[in-house]
Every structure is written in structure tokens, then in C-alpha cells.
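Presented below, as C-alpha cells, is a lone chain in the form predicted alone.
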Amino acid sequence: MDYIKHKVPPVREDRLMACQAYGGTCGDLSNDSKKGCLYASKRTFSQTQGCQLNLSLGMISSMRDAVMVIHSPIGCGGNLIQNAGINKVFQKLRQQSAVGLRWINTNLSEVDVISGGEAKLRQAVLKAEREFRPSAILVFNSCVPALIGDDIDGILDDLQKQVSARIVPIHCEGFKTKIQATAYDSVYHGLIRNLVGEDKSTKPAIIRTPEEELEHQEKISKTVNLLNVGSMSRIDEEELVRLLKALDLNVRILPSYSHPEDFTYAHEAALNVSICATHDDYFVEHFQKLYGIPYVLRTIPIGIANTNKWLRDIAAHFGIEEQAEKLIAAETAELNKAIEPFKAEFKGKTAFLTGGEVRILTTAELLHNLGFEILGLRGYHFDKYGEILLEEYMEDVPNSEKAIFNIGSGQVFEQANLLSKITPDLFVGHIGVNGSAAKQGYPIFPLFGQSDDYLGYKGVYEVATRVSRILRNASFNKNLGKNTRLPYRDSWYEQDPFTYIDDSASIAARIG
């Protein structure tokens, strides 16, 4: 992989042949993926889809000592307001002097669509430098300037000579892709091109004595870049840092809530440790090519089995397998004893999960180990990383090849149809679809939460306790389901839920 020399990264439909429409079972999906039959799948009707600009903002708007310039009409990026409070609090957990969210919108108008918005972009960047004096200015390009042809990169190259902050252009135009996760590539592309490595034009080279250099290299040899995600909590980070430090490793956390200088020296590490392939493959593969840094990418540490795999992969790189096995044995022994009562409580319960492919598969395995039967999963897209995890999931979970697997982002009507047929005891969902499932009367467990613990060994126990509490008191959602209805005709619930997906496998016989 080598796209860094280009100003704009490719979309995931092209780079990973990602699939965004499918209906069938886990077994069907695995077989079709191996045959290469997924890329051409499409919808004859689409309800809505996500915007990669919003996901780009969600990923990196938390960067400390940075200002965002959103080059767009005033509405784009407006959802940042809902993150302002948690953004500031979480920044202060890492740096007491942090000031929280700062952004400027260029407020493109109908006149600008005709005459161009380059002057407004220039004014906004200079205002960000003059008013805030940040370490970095992140410039997000939206649909409108991309369509009218504003020369974003040319303007920013010229402005970089006039400002002290490092300017990072992020090309995340929403219309370019149906795979919203392309946003992660867009953000990492900008960061790698513009933040990684020292800016020798403004900073003198660091000179060390031979003894200092030896000590520095020894520290690097035990340093890992832990790649977090915007949806995880500070408690999650602390749990993963605890486990890595138990293996005597130094931890640098990127990219969410990081400081621009953290990226400056990000190439000084022995290993990149991902917690989500969907989020990080673009970053880690480019870092391996550019700086020779290997990576761990296989799974996310959710649940006992996947946390064990994650730790073993890391330990294998450093040759500390024995130390890792001792840690795993101690942690799992204590945890298995703690969750034993929940297994009896959840026995016979069923669940349906929806969200990112990596997260739903690992969370499904966690729930299975707690006693749940997984009736179905619904991923936002599917690619080679999902294929690897799906194979492992089907090996670890008996009869899982028969469970439903739907792929589609924003297709809430399909979800509503599915739920009406399989009626799970618990719905585990991503932001944006939980309200719909609640109106059908299902108890809701959020797939992630920025104030809760999900990852590592501690996360298993925390998930079990919260699910137990939700199932014991589901009366609100049940009453909601009895007194509200979704805006779909009764005739829709009688149809195959995958009616509008080309070449999908009908599941009427399996769920009728």
C-alpha cells in the first residue's frame, strides 16, 4: 500500500472492494466473500447513508491544541455541538490545560458556489492562526468546494508559509463514497502527510550523546502506538494501558484526544497496536511501508477470547509469550469466577447486533460466552478484515453459520423488518438505530459508550452487569413498543427484508 504520495486517498469501494449491501446468513456471507461475489452487490432502493465528513470530525475533532476549519456551508459539522461537553472533559482528563472544541466554518453561500470559496478558506485559516495560535489547523474539505473545484491544497500550501501551526488538509467529501469508514483513511492520510516527523524548518534537530541515544533507542524498542477510536471511553484506554504496562511496554495513544506533537514522534515505536482493523488498516500499513514498523491488527479486545488473542499477538512480537500467558491466566481465572452468575441468568436469551463489522463480531462472541444465542448481525460494510473475523467467529461459536447477516448502513427499514421476524430478547446497536428498535419494544444495549467500559477483561464484567440491569427493567421500551409505531406499511413487514438488495439470498424459509 502506498497512497501517501497522492493528495487524496482512494475510497474503500476501490481500495478494499468493500461491500455495502448483502442479506443472508453468516455461512452465505463467508462463502460469497471467498468467491469474490460481494463487490457488485447493490440496492434498488436506499433509505439513507452516512457522510464521511461527520465521521472524520468524530475521529479527530478531539485533538488537543488544534483548530478545525470546515470548508463548507454552515450546516456541515453542526453536529459537533453535541460533542462539545464530552470533548472538553475528555481532553482535560489527559491535559488539564486543554480548552476543548474549537472550529471555524467558512459558511459558503449560493454566491460562493458560483464565484468560488477560496477567499473564505484563506480568511478562516488566518483567523484560526491569529486568534488561537494552535499547534495544528485541521482543514476539512466538504462536498461543495469539491464540486466547484476550489484548489484546497494549493491554498493551504501557500498559507503554510504564513502560519506557525502545521496545516492538515483532510479530503472527506461525503458524496465520494457509500462506505462511510473511508473517513478513517481520509483523516490518517492527512495526518501522515502533514504531522508525522519533525518539522525541521522550525525546530532544530535533537542532538544526543551516545549514552542518551542508547537509552532513547531502548525506550523505542519497548514503545507501542495504541490506536484508539473516538467511540471508546477513557476507562477503556486505561484498561488497555494497564494490560500493556503489565507486559512492561511503553504506551503512546493515538489519534483521538492526542496532541499534534504525539504524531511528530509516532514513527519512533516498535509496534503499532490497533483495536479495530476497520479504523486503522490504512495507518498501520503505511507506517510499515514508510518506517518499517510492524503492526497488530487482527481483532478488537472485546470479550475474553479476543482480548487473549490481542495480547498474544502483541507478546509474540516482543518475544514475551510466557509473560503474557501468566497475565492471561490470572486475568481469566478471576473474570470467569466473577461472570459465572450471569451465565445462568442469560441462558436461553437471544440477541441481535448492529454496527461496524469488527465490533459486532467480537461483541457477539462476548455475549455468546455469557450465555446468549446470537440470532443475527448487521454490519455497516464488509471487507477482507470482516471475512477474517467472521471465519474465527464461526469456528468459536457453534452453529453460528446459520445466524442472519445483513450489510447496510442507514437502512433502518431493513432492520425493522428483520426484528419483527426474529424478535430477540436484546438489541445491541450503534448510535442512530437504537431509537428505531426501542419503538419496536426491544431492550437496548448501546454497542459503545464514551462513559462506559467495554474493552479488555474489565469490560467483559461491566458489559455483563449493564446487560443484566437492562433486561431486568425493560418496561419502558416494552410500553414504547405498544404505543408507538414506525413509519412503514404493514405490507412491508410481510416481505423478505432483503427485497431491495440485488442477488441476496432469501431468508424467508429460515425466519418465517
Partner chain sequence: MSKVIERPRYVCALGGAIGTIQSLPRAIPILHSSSGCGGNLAGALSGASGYNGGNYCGGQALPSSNVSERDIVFGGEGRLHEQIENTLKVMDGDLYFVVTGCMVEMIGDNVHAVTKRFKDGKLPVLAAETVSFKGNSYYGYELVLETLFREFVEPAPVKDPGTVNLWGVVPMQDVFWKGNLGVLKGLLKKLGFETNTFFGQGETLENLKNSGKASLNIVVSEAYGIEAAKVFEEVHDVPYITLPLPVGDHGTSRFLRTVGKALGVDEIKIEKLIQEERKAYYPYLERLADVYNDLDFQRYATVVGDPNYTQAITRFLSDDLGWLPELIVITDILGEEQKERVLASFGEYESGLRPEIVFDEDASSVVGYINRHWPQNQGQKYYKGFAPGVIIGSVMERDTAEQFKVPLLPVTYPISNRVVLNRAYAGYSGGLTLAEDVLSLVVAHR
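Positions refer to the first chain, counted from 1. These numbers were taken from a predicted model, which means no experiment stands behind them.
Heads up, the form predicted together with its partner chain isn't pictured, but that's what we're talking about next.
- Query: Exactly one stretch in 457-465, 440-448, 22-30, 480-488 has heavy atoms within 4.5 Å of its partner chain in the model of the complex; which is it?
  - Reply: Heavy atoms within 4.5 Å of its partner chain in the model of the complex occur in 480-488.
- Query: How about residue 51: is it within 4.5 Å of its partner chain in the model of the complex, going by heavy atoms?
  - Reply: So residue 51 counts as contacting its partner chain.
- Item | is_contact(residue 473, its partner chain) in the model of the complex, heavy atom dist at most 4.5 Å | Judged by the heavy-atom cut-off of 4.5 Å, residue 473 is well away from its partner chain in the model of the complex.
- Is residue 209 a contact residue for its partner chain in the model of the complex, using a 4.5 Å heavy atom cut-off? Looking in the model of the complex, residue contacts with its partner chain do not include residue 209, since no heavy atom lies within 4.5 Å.
- Query: Are any of the heavy atoms in residue 228 no more than 4.5 Å from a heavy atom of its partner chain in the model of the complex?
  - Reply: Answer no; every heavy atom of residue 228 is more than 4.5 Å from its partner chain in the model of the complex.
- Contact assignment for its partner chain in the model of the complex, among 144, 254, 165, 403, heavy atom within 4.5 Å: Here the answer is residue option 144.
- Just give me the single entry in 235, 366, 124, 249 that has a non-hydrogen atom within 4.5 angstroms of its partner chain in the model of the complex. Checked against the cut-off, the match is 124.
- Quick one: name the residues from 405-443 with any non-hydrogen atom within 4.5 angstroms of its partner chain in the model of the complex. 410, 411, 412, 413, 432, 433, 439 sit within 4.5 Å of the partner.
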